[in-house]
Ligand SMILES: C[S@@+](CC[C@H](N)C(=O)[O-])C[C@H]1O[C@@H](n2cnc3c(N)ncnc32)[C@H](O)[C@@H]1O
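In structure tokens, one chain follows: the form predicted alone.
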Amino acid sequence: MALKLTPRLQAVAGRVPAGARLVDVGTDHAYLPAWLLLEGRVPFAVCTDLRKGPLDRAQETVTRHGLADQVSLRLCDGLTGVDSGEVDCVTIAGMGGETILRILAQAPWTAEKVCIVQPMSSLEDLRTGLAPLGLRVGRETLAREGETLYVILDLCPGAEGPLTRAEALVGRASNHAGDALWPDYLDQEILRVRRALAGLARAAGDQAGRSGLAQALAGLEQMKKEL
């Protein structure tokens, strides 16, 4: 049976450099590395997971598609079982932003690699937490699955300049250049911030919170005007 990726994972796969030796963190079924190997996009992949169950599922995928000679499966936390010299590219998809930061911080050598991450939450924390790790966002790609928009970040070495609150929420507009889903993403986040502001308006106190959200909303609306 041919292996087909979801739009979210397909977008992640599209950012992996051709010929890179890959490590896929939290691999679960290993669909992403298996697809890249079957397509000839990468020559070798390390697949890590914290739990035995997901790694067993990864083994099933690897065996079913005849990829055993090109895959190394490892039971470990994040990148703790991977040597920096083994890989050129790191993918971390489907985790929270804070977890992604923790995994990258535990492996300082990631600052010298191509890192493709797809956070499920805490995007603001992730974007603002990259600088101490020697990383910055080079590009952001959006993928839609049903009603949900997912963000894929290309991380590269270097220091990220100061981000406005709006940029921390959605990324720099320049990082989304040419992305057809960028207007929809802005609309989504504008609506989310407006709802949050309305909720705070009904609550007593938290003037600082309201001020920060109002600043973010103004920045998002300015981005929308500049499309």
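Sequential numbering from 1, following the sequence displayed. Since we're looking at a predicted model, the values are computed, not measured.
The same protein also exists as the form predicted in complex with the named molecule; that form is not shown, yet it is the one meant from here on.
Heavy atoms within 4.5 Å of the named molecule in the model of the complex belong, among the stretches 157-165, 191-199, 50-58, 171-179, to residues of 50-58. Contact annotation: of the candidates I103, V71, V87, L135, the single residue with a non-hydrogen atom within 4.5 angstroms of the named molecule in the model of the complex is I103. Between the options D83, E98, D77, E112, the residue in contact with the named molecule in the model of the complex by a heavy atom within 4.5 angstroms is D77. Though the partner is left out of this view, A93 does reach within 4.5 Å of the named molecule in the model of the complex, counting heavy atoms only. None of the heavy atoms of V23 is located within 4.5 Å of the named molecule in the model of the complex. When contacts are judged by a 4.5 Å heavy atom cut-off, L9 counts as touching the named molecule in the model of the complex.
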